[in-house]
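Shown next as structure tokens: one chain only, the form predicted alone.
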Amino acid sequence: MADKKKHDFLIVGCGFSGALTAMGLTKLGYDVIVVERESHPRFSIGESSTPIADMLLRSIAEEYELEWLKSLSRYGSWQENHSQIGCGIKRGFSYYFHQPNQPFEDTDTHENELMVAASVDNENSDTNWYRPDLDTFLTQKMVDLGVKYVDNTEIKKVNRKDSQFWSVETVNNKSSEKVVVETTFIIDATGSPRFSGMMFNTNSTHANFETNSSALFSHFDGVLKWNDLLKLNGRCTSHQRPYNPDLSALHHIIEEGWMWMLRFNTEKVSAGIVFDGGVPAGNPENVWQNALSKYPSVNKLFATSEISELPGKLYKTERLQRVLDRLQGRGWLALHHTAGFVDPLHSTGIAHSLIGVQRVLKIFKDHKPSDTDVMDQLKEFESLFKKELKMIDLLVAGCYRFRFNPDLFRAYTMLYFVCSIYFEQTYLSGQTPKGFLGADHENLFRLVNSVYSDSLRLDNKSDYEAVQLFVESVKQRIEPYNSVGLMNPLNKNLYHHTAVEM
């Protein structure tokens, strides 16, 4: 059976990127169909928003007349307008350094931690997205806007017809009904390299990445609060933390790599261990428990926890780093998270995905999908994406190298924060930064690359003098971009507000 209408765009996959792209294209006057292999609500991670992501949400909302989308850019307005959609407060980034078989050592000087606030209060904070709720909500908004949506459906084959349009064979997973859809352009929003590999003969590779990590993760109920454990220590009265660390992207830095904890209003917690190298062999539950048991303070947090009903299991990944050799071609492209990924350490996923959505919409605002000059735009889209992926890789890889030494880790992490601040300040000055995190900024990219090269000469056995020389070098080199007092020793590793006002 054939679909009766030829569509301008077929979007494969309906996470938040696919849904927002569909709505933006519809607002531009295109006819869009979205095909989703599963159905909502479904488990998904990629939940930590940032000030950059909030800016991009607001920009997309204004540019494409999606006024309701603005309210999702801050915790206060989210709760006021969409309290039924699960989310959590994210005041900033918190890091705690753990030693094997020792309780976390809390000190008045905060030598085993780093906190970087991204907002002045809870009302104006970023959010942790509970994706089963949010993706379901965005999908319904998309349908309400008139986008044709087909779920529980897989694409089995695509054929190029007369170099003008695609004939797409689909099958419903429940009814086995087969439908042929015709479209001018295909957008891969699946979040995986599998579809484009099968349909467009692309290859996904992890060659040339500096970072090498893998993950074990799920959602949990009954996880105790880190701040409650810190209070039991009775310290830190002389220099107060800028926010409750449970209301943040909480990172526990461990010998194996690091653990994330993102808390939602429902008290569900997204948690995962990211291993430097591969996840150890064995049953996922045993690997998880073995890793936790080495760190008494972290282990205590999960002592009474259970895996949430959704998803009901632990997920184990292969190597996280990947990039498609091609993310565009005649009549198709892959959105950012489909095209490649580095690591969740700096919460770059949502913002980078949104900047990809914004770019795709801009391309098709200025050009029809059948225009001959669209290919030039798509090639630039690919080139910039790959440079940004390299920037993220460098910003992450040095942190893994230095996770055994808090002084080195904190210094290297400042590169990410100055890149974020540069992007935010440029964006809010009325300019549109070309590259995510300043990847197009020649001096900033050179700075990050140079500091990473210097980091290769240090390791966890480096002597005190070498460590201090490196820390001071980073402090001096970021100075032209450091407008918020990062690396000021008077802050004692606690930074109260580093993001620009929106």
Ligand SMILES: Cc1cc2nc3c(=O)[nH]c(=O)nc-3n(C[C@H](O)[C@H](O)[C@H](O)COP(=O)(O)OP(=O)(O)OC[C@H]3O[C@@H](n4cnc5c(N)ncnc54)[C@H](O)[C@@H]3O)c2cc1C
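Predicted model, so just to flag it, every value in this text is computed and none were measured. Residue numbers run from 1 along the displayed sequence.
Unshown form predicted together with the named molecule; subsequent notes refer to it.
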{"property": "In the predicted bound form, the residue from H337, R91, K268, R403 that sits within 4.5 Å of the named molecule by heavy atoms", "result": "H337"}
{"property": "Contact assignment for the named molecule in the predicted bound form, among D440, E472, D459, E38, heavy atom within 4.5 Å", "result": "E38"}
{"property": "Proximity to the named molecule in the predicted bound form (heavy atom, within 4.5 Å), stretch among 299 to 307, 344 to 352, 69 to 77, 97 to 105", "result": "344 to 352"}
{"property": "4.5 Å heavy atom contact, S48 and the named molecule in the predicted bound form", "result": "yes"}
{"property": "is_contact(F217, the named molecule) in the predicted bound form, heavy atom dist at most 4.5 Å", "result": "yes"}
{"property": "Partner proximity in the predicted bound form: V374 to the named molecule, non-hydrogen atom cutoff 4.5 Å", "result": "no"}
{"property": "R131: touches the named molecule in the predicted bound form, heavy atom cutoff 4.5 angstroms", "result": "yes"}
{"property": "In the predicted bound form, residues of 6 to 27 near the named molecule [heavy atom within 4.5 Å]", "result": "V12, G13, C14, G15, F16, S17, G18"}
